[in-house]
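A single chain comes next, written as structure tokens; it is the form predicted alone.
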Amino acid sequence: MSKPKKEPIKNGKLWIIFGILFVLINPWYFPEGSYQPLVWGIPYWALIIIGASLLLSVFISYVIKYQWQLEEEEEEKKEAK
């Protein structure tokens, strides 16, 4: 038996994770003018931002696929019966 889905806007844990990822994708916390160490010629902060952006994309996909409750799906199931 599957657990009933809640609207993602009502889930506080999701908002906390969104907040953490949002903070990570903004470069304000890096020291001004720092770019070393370089990894394959890319500054470390750019790799952190790219990684956080990928995590944000994966997380948004997860929320949409598994947490988002669509009324249309329930209506379609009722109509199919």
Partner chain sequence: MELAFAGWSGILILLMYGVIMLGVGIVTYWKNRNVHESLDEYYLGGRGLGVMVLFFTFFATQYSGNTVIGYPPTAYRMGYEYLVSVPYFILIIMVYLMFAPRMYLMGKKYKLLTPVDWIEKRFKSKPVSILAAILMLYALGNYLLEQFVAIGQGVAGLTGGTIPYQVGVVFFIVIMLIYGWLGGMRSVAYTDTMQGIALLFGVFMLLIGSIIYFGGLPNAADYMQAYSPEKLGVPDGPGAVNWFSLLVLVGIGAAVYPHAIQRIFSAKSEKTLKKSFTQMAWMPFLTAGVVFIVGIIGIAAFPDLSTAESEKLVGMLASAIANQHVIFYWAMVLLFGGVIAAIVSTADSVLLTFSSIVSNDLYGRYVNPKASENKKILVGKLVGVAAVVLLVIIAWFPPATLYQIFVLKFELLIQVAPAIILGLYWNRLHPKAVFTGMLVGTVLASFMTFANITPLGIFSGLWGLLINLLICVIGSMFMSVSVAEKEEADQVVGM
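Quick caveat, the model's predicted, so the values are computed rather than measured. Positions refer to the first chain, counted from 1.
Below, we turn to the form predicted in complex with its partner chain, even though it does not appear here.
In the predicted complex, its partner chain sits beyond 4.5 Å of every heavy atom of Ile16. Its partner chain in the predicted complex comes within 4.5 Å of no heavy atom belonging to Asn11. Residues of 45 to 66 that come within 4.5 Å of its partner chain in the predicted complex, judged by any heavy atom, are Trp45, Ala46, Ile49, Ile50, Ser53, Leu54, Leu56, Ser57, Val58, Ile60, Ser61, Val63, Ile64, Lys65 in sequence order.
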